[in-house]
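Okay, here we've got a single chain as structure tokens, the form predicted alone, with questions on binding and movement later.
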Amino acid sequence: MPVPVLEIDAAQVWRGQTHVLHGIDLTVGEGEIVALIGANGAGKTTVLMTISGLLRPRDGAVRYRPHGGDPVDLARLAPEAIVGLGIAHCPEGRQVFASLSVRENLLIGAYLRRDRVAVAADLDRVVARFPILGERARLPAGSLSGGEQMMLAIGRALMSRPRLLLLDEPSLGLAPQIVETIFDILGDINRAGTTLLLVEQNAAMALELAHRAYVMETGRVTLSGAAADLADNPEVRRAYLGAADETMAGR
């Protein structure tokens, strides 16, 4: 197990009057890709919102270890302070600023940074990784296709120089070929040194990409382990990989 970057310990989280997370335990190690899979309503998005400070646990702890520092309790911090510590959240539905240009959207990702020379260099790196964003830098973000908006959302998150990148359903609504491209990019980002926590409806692709995974049901972790082991687990295959098995059988 790598050195933990993130540890969630017995977190109890409500959304309004609804008790969503029932004592969640979860660990993400340095350099890992960890996937969260489960049915809609299992609480996966709530986990990411709790890490990024958009929701607060009523009980339990959410600890993050900055580079070279002691663990910090994220439950005590505002969302912008959490971004400043090195955590970026790429939300479900991409949520780009449709009326702003592609370039302006990317620069919003660096809004906390004051190192302008380094920001410019990072902007060049993001455009090199996503050439279409450079080609369309002056266009409104709302004019991009769904796949291009996903690339923009990831690029915007990378502009904060995250140590830990949270991704919520990056494949949602995208064509299969675009999904493969996005997942290849996520693998490249991880190999370049960024730790990923991935919520994903496409369980087969998530388990293929991830090192470890957690299965969630109704606000609880019901299974966890190496992603390859969970992909071979009969219960997981029956519940989450059946469609993938049928697709493969038809090829």
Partner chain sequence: MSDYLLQQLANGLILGSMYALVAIGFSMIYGIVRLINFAHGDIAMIGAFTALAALMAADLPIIVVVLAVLLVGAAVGLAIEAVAFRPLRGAPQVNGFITSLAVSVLIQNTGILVLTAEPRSVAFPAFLSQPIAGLPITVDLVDVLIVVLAIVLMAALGAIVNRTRLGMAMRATAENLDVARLMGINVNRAIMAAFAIGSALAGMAGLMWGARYGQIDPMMGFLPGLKAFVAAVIGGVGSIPGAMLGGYLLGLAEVLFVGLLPPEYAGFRDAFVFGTLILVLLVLPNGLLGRAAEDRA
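Since this is a predicted model, take the numbers as computed values, not measurements. Numbering follows the first chain given and starts at 1.
A second form of this protein, the form predicted together with its partner chain, is not displayed here; the remarks below concern that form.
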property	result
Whether 80, 83 and 96 all lie within 4.5 angstroms of its partner chain in the model of the complex by heavy atom	yes
Stretch in contact in the model of the complex with its partner chain, which is absent here, among 168-176, 119-127, 86-94, 67-75 (heavy atoms within 4.5 Å)	86-94
4.5 Å heavy atom contact, residue 104 and its partner chain in the model of the complex	yes
is_contact(residue 137, its partner chain) in the model of the complex, heavy atom dist at most 4.5 Å	no
Close approach of residue 108 to its partner chain in the model of the complex, 4.5 Å, heavy atom	yes
Residue contact check: residue 45 to its partner chain in the model of the complex, 4.5 Å heavy atom	no
Of 39, 223, 54, 185, the one that lies within 4.5 Å of its partner chain in the model of the complex (heavy atoms)	54
